[in-house]
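Given next, in C-alpha cells, is a single chain: the form predicted alone.
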C-alpha cells in the first residue's frame, strides 16, 4: 500500500489561447507537487481566487484534463502512465469520484434522478442485480439525509439545489471510493444551506473513511472543514500544509492578502482590500508571480522563481519570506537559502 492516497509530482497544464502562430501560452497549472496521506481519511482544500488554476487541477485529478507534464498517482498507481498501464476504467472510478459545482448540470432534465444512482451501482459492478442496487442506493441516500421514497421516480427539477447536491454526494459514495474530488460544491447553493453540505463532508469522512479534495475560494469553509490546505495563485501552489497552521500563521504574502480580505466580527473590512484581477503577464512570469504586489519583495524575487521552502515538517511555501523574515530560522535554513540566491 502506498504512503500517499493522492500524489501530484510537478504537474503542469499549458493552454494556448488563440492561433498556433500568434496565440498566447497560458500556464494554468505550474509545477504543482502535493500529497494526501493514505493512513487516515482527510480533507485537502485547494483555495484560490477565480483563475488560480484550482479547477484545472481538479479536472486533472479526475482525468478530465491530461497534464502537459508531471505525474498523478492514486494509491501509488499512475493515472497517465504511457502504454496504458496506469489506473484505468472501473478501477479508477471505484477509487475516485467527482462532485461538480452545479448540481442542475450534473443530471439531465429528461432522465429520472434515481436512474443515475441505480446505473452507477450496476455499471461499476457494486451490485449484481437491481435488488442489491436498491439496498445500496437506499443506504447512501440515508447517509446524506434523504429517503429513497423521496427520490425515486422524480426528475432533477423536482428538487432544490441543496437536495440535488446531496444526491450528487450520494452517487459519489456508491462505489465506496477512497477519494472524492469536490469542485466548488457549495457555490451554487443558497448561503443558508452551504454549511449543511460542508458538515456532511466531515460526517462522511468518518463514516466511509473517504478523503476529499475540496476546491473552493471560500477560506472560512476551508478552515472549518480541512485537515490540509493548498493555496493557489496564478497556477502555482504558493503555500501548503496543515490548515490551522496556514490560516493562523501564514507564511506566504498572498495567503496574508486572502486572510485580510475576509471580514471578521472584530475587524472592519477595509474597502481598499481586494483580490487582483487576472493578468496574463503574471501567469507567464519567469520569476515570482506575486512580486509586483508583495510588500516583502526583494530584488531576487523579480529575477527568479523562489524555492519551495520547508517551513515545518508538513508545511511549505513558495517564497523567501519564511526564512528571510523569520527570526527563529535556523542557521542551516539561512545557509541553504543563501546558496540558492547565489546560484540565481
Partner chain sequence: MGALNRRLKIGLAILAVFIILGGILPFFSPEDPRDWIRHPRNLPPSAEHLLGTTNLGQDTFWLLSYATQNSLFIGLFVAFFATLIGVFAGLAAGFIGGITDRVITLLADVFIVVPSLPILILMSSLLQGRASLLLISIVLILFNWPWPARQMRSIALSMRERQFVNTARFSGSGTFTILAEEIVPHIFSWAMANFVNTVLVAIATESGLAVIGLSSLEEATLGTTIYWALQHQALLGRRWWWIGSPVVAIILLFIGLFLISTGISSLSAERRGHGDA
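What you see is a predicted model; the values in this text were computed from it and never measured. Numbering follows the first chain given and starts at 1.
One more form of this protein should be noted, the form predicted together with its partner chain, which is absent from this view; the next part is about it.
- For the options 134, 176, 77, 123, the one in contact with its partner chain in the model of the complex, meaning a heavy atom within 4.5 Å, is 123.
- Although the partner is absent here, residue 157 is a contact residue: one of its heavy atoms lies within 4.5 angstroms of its partner chain in the model of the complex.
- A residue is said to contact a partner when one of its heavy atoms sits within 4.5 Å of a partner heavy atom; residue 64 meets this definition for its partner chain in the model of the complex.
- A residue is said to contact a partner when one of its heavy atoms sits within 4.5 Å of a partner heavy atom; residue 129 fails this definition for its partner chain in the model of the complex, lying far away.
- A residue is said to contact a partner when one of its heavy atoms sits within 4.5 Å of a partner heavy atom; residue 59 meets this definition for its partner chain in the model of the complex.
- For the partner-free chain shown, 92, 93, 96, 97, 98, 100, 105, 106, 107 of 90-107 come within 4.5 angstroms of its partner chain in the model of the complex, judged by any non-hydrogen atom.
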